[in-house]
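One chain comes next, on its own, written as structure tokens: the form predicted alone.
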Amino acid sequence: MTPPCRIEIQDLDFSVEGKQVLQSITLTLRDRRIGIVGRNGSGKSTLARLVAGLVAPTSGTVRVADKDLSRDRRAALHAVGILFQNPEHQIIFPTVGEEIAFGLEQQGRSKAEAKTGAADVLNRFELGHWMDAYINTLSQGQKHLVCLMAVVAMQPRLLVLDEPFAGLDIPTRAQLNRYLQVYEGSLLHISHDPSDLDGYDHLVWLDQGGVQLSGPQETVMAAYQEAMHNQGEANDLADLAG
């Protein structure tokens, strides 16, 4: 098994159209399973995109496996894979096999090698019979699984999960989380559901664009849940912006 993928974030700020989304974030993450929690609007998805190299910081640095992926897209293809909430935003081919093979071709493999690689990953998930299945016949949970297999096939050092299971029912979420155990690389998992992060090594709690707490999963999750409970007892929905 490869060692955990090192994520180094130094003095990170990120703004969009003059609005500050993330500010003064410095983290060094070395664990294999890392979770990110926080309320809506806390900057979780933005941080995921920065780590994946899809956007560049306004200031500061983000390095994954010692590389600045926003500046080196070729390295990004091998270093990081990302799963979003809506599989329709990722899937572009009609069949499962074609979808999985596409990423391998992007990494430079021939069509024949990519097809073999797609078959290999399907067999690893015990889903070899899906090779020629049409994606438009699959359920939403099955489409999420196709996206997961397509990313796993590319063997990235780090897999970033931006609440990919949001809106799915409990049995489907549980099954997809079990499939994640097939992935041997590092995970950076954003989730509102604490059960998705059971057994994780490290947790980062974001609040209003900054790090509220970072540390062992049990410690951070307990503090986060207590704070969310306390905020739920408040009545801030009644407050109007000035």
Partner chain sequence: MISLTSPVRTWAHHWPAGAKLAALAAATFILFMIHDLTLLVAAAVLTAGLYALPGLVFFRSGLGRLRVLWPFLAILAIWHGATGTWAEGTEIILRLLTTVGLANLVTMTTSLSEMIAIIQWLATPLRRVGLNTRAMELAIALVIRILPSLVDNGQRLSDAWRARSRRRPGWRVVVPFTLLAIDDADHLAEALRARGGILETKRN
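Residue numbers count along the first chain shown, from 1. Values in this document were obtained by computation on a predicted structure and should not be read as measured data.
Beyond what is shown, the protein has a form predicted together with its partner chain; the following relates to that form.
This chain is displayed alone, yet in the predicted complex one of Ala150, Leu122, Ala114, Leu159 has a heavy atom within 4.5 Å of its partner chain; that residue is Ala150.
Residues placing heavy atoms within 4.5 Å of its partner chain in the predicted complex fall in a single listed stretch, namely 48-56, out of 187-195, 208-216, 35-43, 48-56. Under a 4.5 angstroms non-hydrogen atom cutoff, its partner chain in the predicted complex lacks Ile170 among its neighbouring residues. Gln90 belongs to the set of residues with a heavy atom inside 4.5 Å of its partner chain in the predicted complex. Proximity of Phe84 to its partner chain in the predicted complex falls within the 4.5 Å heavy atom cutoff. Put simply, Trp130 is far from its partner chain in the predicted complex: not one heavy atom of it is within 4.5 Å. Although its partner chain is not shown here, in the predicted complex the stretch 131-149 places heavy atoms of Tyr134, Asn136 within 4.5 Å of it, in sequence order.
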